[in-house]
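Listed next as structure tokens is one chain, alone, in the form predicted alone.
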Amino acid sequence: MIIITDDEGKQEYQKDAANYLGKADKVYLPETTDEINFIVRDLYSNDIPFTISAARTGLTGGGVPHNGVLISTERLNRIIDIDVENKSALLEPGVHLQTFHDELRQHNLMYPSNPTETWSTIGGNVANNASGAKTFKYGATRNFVNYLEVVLPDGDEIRIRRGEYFAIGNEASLNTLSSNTIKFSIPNIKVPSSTKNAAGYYLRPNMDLIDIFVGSEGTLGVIKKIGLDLLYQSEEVISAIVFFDDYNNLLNFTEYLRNDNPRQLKPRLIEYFDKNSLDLLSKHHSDIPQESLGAIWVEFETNSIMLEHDTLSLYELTLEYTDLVEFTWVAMSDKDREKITKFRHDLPLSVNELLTKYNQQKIYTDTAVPANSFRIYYDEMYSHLNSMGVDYVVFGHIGDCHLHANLFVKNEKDKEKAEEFYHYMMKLAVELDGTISAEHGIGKIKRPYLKYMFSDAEIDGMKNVKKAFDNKNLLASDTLFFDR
């Protein structure tokens, strides 16, 4: 185990990708999973607060401590087993997503969860129920978690397989390795009915109790081993960036793909780039047409028999919705798809570079709404953005009706406008039966805004679940909730 106590060594552990800043008294880097139990037991018995972190790619401050000890799982990075026959894997939490993808490719397997930040870790992905572009077809991380080993805040441990423990109505209990029983009540909470959601704990009557840990943002325990379901690689994949000279046609194209359509084109991802995003990316990609007002990245899984047919169907579809067909990027090989994937990944990196350059904390939306309300959401978003006089880019998971508006503030007046917009979009999303956080969680930054989605009674119900696992409130005590 490595312990860091000097200020210079601790510095990189005291901020995340949103430039959210905190403070750690010490940083612990366990080198075996068994060390986690020892560390946690010692901290808990001495009433020392502690926070869990790994790659620090989060955007809400959840992995940044305000005090006490930070435990980084970055050295717990073994892929323990890949079972090709049963399409499953067992990993330690510090395995980077990109490392995992690269290893699976050698076995003709895939893990569909693909957050944009490929150097995030599997443990962080599980803790935040991370999602990404392919969530449109495959859903978020939760859908693939089949096993967890979780060190509880007092150092005890739970090992749980999907399908092993279920709540009985609103009552739940879990057995630990030390033969203790954790009991808690599942509060009745209103959650968005048809949007992906990463705000608060996942709580449902009769739920599979493995899901209480997925998306709990490191507040209920320390995940030390993870079992995941996998899929076979697709035989063929068509990937394309389609450029548009009209926003209405772009939205119509998206709706056609999102719904069942006569051409039977069923994408695994539909991603959006607005005009400002394309202008920012043009510094690195010279072949973006200047006439374009926006673009859609779309990807389809197919096979050798249907490849030509599906490619032609996509071409015919683009002819109906844009006059910029000749500029469409189409990729059917791994090498060509890497260019398109890099195009998408370059955007948030470019945004973060600007924020770092100007030493700004990221102000961005993570809201999502149901498909039948998306046009209202979209129009209201741009109406407000264009009236503010603040620089922005908008991009994201338009297939899931989930966009990220990133604002660049240069002074206090810009910041006031940006924060007003930020609050407006969260409230609007909730009014439309959506969420304030579709994939990045609540962390510390969004704690004040849980009240937009949940009543005091609902929040107290979640806090009671937290108390059942962490009676002293030492683990990530300042993440998700305020103490009151």
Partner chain sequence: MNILVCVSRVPDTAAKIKVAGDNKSVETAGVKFILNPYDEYALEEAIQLQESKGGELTVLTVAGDEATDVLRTALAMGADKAIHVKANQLEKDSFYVANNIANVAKELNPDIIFLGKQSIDFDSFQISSLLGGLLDLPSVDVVSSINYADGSITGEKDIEGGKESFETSLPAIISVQKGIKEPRYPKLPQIMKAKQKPIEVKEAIETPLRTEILEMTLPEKARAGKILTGSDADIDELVRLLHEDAKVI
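Source: prediction; values computed, not measured. Residue numbers count along the first chain shown, from 1.
Unshown form predicted together with its partner chain; subsequent notes refer to it.
- Contact with its partner chain in the predicted complex, judged as any non-hydrogen atom within 4.5 angstroms, is confined among 403-411, 312-320, 129-137, 374-382 to 312-320.
- For the three residues Glu308, Val330 and Ser333, a heavy atom within 4.5 Å of its partner chain turns up in the predicted complex in every case.
- Although the partner is absent here, Ile189 is not a contact residue: none of its heavy atoms lies within 4.5 angstroms of its partner chain in the predicted complex.
- Among residues of the shown chain, Asp287 is one whose heavy atoms approach its partner chain to within 4.5 Å in the predicted complex.
- Residue contact check for Arg105: one or more of its heavy atoms lie within 4.5 Å of its partner chain in the predicted complex.
- Taking the partner from elsewhere, Glu326 is found to have a heavy atom lying within 4.5 Å of its partner chain in the predicted complex.
- Residue-level contacts in the predicted complex: of Val390, Ile82, Ile340, Leu209, one residue has a heavy atom within 4.5 Å of its partner chain, and it is Ile340.
- A heavy atom within 4.5 Å of its partner chain in the predicted complex is found for one listed residue only; from Glu164, Glu353, Glu235, Glu171, this is Glu235.
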